[in-house]
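Take a look at this one chain, the form predicted alone, written out in structure tokens.
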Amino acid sequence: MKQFIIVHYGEIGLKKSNTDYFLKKLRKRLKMVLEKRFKRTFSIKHILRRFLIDLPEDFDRDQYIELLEKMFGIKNFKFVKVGSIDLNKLGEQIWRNLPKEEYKSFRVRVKRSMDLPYKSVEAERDLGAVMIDKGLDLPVKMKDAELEIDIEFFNDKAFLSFKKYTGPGGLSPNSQGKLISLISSGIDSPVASYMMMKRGARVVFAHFHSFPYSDTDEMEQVKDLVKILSEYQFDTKLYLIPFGKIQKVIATNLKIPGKVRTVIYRRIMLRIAEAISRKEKANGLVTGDSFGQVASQTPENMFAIHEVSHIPIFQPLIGFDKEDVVEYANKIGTFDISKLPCKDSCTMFMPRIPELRANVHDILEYEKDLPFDEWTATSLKDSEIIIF
């Protein structure tokens, strides 16, 4: 029996006049990823609100699952075999292809997208009766059955499957323009980046490091994190921005109270990230801030930090508990890297007791003689850019 993958999408089907745009993005991503991995041409057809992907005779199911489970825009997908629209013949085909695993209950689910001489509920009843007559000694359970015999009728064929796989949902990859994500080796910023990528953003990463005042461990961890995240979008770019010398100048400036260093460091980071956004023609910045989680994320300090930015700052984790973020990090595979010990740029030259309620007018006074334009230009010139 010929085999296919049926891909169902969710939210992108609600975009009305813009649906075709999102579908083209998703189809392009599907075709690119599959053909890159398997070195063959794939036929991907859009039929009645679903994608139908042809499969070779000999294929590794696990490899396809690995790819499609990371494809934003996909609600669910399943491996299907083509069957007859004649229920007697279809019943025989289902019986011959039933999984060998042990189950405690079953049901038949039918979805029609074509004219047939029977209704969906009639087909479910008749096919279920065939299974029982042939010896499937299991009770029928209409909700949460362990074995679900899933049939879709469309294109003058029946497509049968026995397991549905969940996709990540969201919008089609790279469908919403560019954002610059300020990423560290910590737990939060990779998750924040993932969440904006799920909403269709193409994320360009910017990492501020303190080398040579720290070792290169943090940069290597960030590279590993971006490599994982790059699997969720098209081409991915990482800026490695030297920041240690700027921090040292701030830390040794006697006119600047030590307790406000963190706020000033972050304001400078936003200035540089905004310059990168202009270079990349991006539409905003992404940070991993969570309201009140650390000293720099009190409402007063966030106000003082964000005041410097002239473009939107997206903070998808703003209301998350740390446990929520860790759960996401485990799910996407970044937690084991983020939890590794290293010194990052945020801990270099840090005050022992940071300011919790910075006043933006005081910060502007402390900053008035600092060479921001020179620092920004030098940071861009000295940045290393890595393409994934």
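Computed from a predicted structure; not experimentally measured. Residue positions are given as counts along the sequence shown, with the first one as 1.
One more form of this protein exists, namely the form predicted together with a small molecule; it is left out here, but the text below deals with it.
Looking at 285-293, 75-83, 118-126, 165-173, the stretch with residues near the small molecule in the model of the complex, meaning non-hydrogen atoms within 4.5 angstroms, turns out to be 285-293. Proximity of residue 297 to the small molecule in the model of the complex: non-hydrogen atoms within 4.5 Å are present.
At a distance threshold of 4.5 angstroms between non-hydrogen atoms, residue 267 is out of contact with the small molecule in the model of the complex. Mapping the unseen interface onto this chain, residue 221 falls outside it, with no heavy atom inside 4.5 Å of the small molecule in the model of the complex. Although the partner is absent from this view, residue 152 stays clear of the small molecule in the model of the complex, with no non-hydrogen atom inside 4.5 angstroms. Scanning 206, 201, 110, 87 against the small molecule in the model of the complex with a 4.5 Å heavy atom cut-off leaves one residue, 206.
A heavy atom within 4.5 Å of the small molecule in the model of the complex is found for one listed residue only; from 277, 184, 161, 301, this is 184.
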